[in-house]
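First, one chain by itself: the form predicted on its own, in structure tokens.
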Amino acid sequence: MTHFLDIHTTDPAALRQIIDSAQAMKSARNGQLRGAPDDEQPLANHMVALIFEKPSTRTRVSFDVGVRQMGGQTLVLSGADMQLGHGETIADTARVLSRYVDLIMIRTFEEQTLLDMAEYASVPVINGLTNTSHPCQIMADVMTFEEHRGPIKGRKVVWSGDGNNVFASFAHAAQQFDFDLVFTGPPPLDPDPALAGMYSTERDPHKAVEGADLVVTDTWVSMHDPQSARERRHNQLRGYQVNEALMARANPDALFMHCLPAHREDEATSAVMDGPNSVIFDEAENRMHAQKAIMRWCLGV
């Protein structure tokens, strides 16, 4: 069974295969009509379950469209539809879904929900996001960097802000793709201690970005955070905003990424997001291409 659960649990050779496959599929689509199916239909006669305990725009649309482009069909389920882990155990849900579908993508809260789904499913399971990691996003980010600047190996990537689940997957990727990752953010928002050794820390964001090839940030607040937490995080992170002055300290051709959705003028200014070094919309598009390659790798098609 070939699951895609996290970057650090996937063989580096397989990760490279996925990135190369994603680039090849994106190149093959150039010149095709928007929305046209791929010339190859590797997911023909395949049904993919897309489970969303957390709401989503990019993950839902990119997976749904990607499956359809490859000739497959999707079954989209929300947490309310399934009451996952409440009315029925995750194990039983996994066993039942495996009788109906060929692949399961799940976007959930707790990492254990993902792990239980993978343990008991008899079809491949893909991590669409948990509170712990977001591997599909970072595969798209690596793909985006390499299509603009070449191999990411040996490059310097700087993360400014909260050491959250997206950062965790960046740390996993730094280890697997062999690039240098620097975290700059306030101590209360340091990354998970389990990631120690996968990155370095520089509290001064202006020092951190010196020599950077890529500067990355993410939203300061989650949709589930109470108002008191939102205010506290703004106070903590105000000095880590990615603005023109900060980008000016990075390499002249340094790229800027943000996984979106963004709160403009909070974690990053519009001048940076819409500037010449920003690749945020290529990054968003590449979610679909990277995930198509992940699905093909999981199914061996």
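Because the structure is predicted, anything quoted here is derived from the model rather than measured. Start at 1 and count along the sequence shown; that's the residue number.
Heads up, the form predicted in complex with a small molecule isn't pictured, but that's what we're talking about next.
Heavy atoms within 4.5 Å of the small molecule in the model of the complex: does residue 259 have any?
Looking in the model of the complex, residue contacts with the small molecule include residue 259, since a heavy atom lies within 4.5 Å.
Please run the contact check for residue 156 against the small molecule in the model of the complex: heavy atoms, 4.5 angstroms, yes or no?
Answer no; every heavy atom of residue 156 is more than 4.5 Å from the small molecule in the model of the complex.
Residue 59 versus the small molecule, in the model of the complex: is there a non-hydrogen atom within 4.5 Å?
So residue 59 counts as contacting the small molecule.
Is the gap between residue 287 and the small molecule in the model of the complex 4.5 Å or less for some heavy atom pair?
Residue 287 belongs to the contact set for the small molecule.
In the model of the complex, do 160, 186 and 232 all reach within 4.5 Å of the small molecule through at least one heavy atom apiece?
Checked in the model of the complex: no contact with the small molecule for any of the three.
Identify which of 31, 252, 276, 55 has a heavy atom within 4.5 Å of the small molecule in the model of the complex; exactly one of them does.
It is 55.
Among 173-181, 200-208, 88-96, 132-140, mark the stretch whose residues have heavy atoms within 4.5 Å of the small molecule in the model of the complex.
Contact criterion met by 132-140 only.
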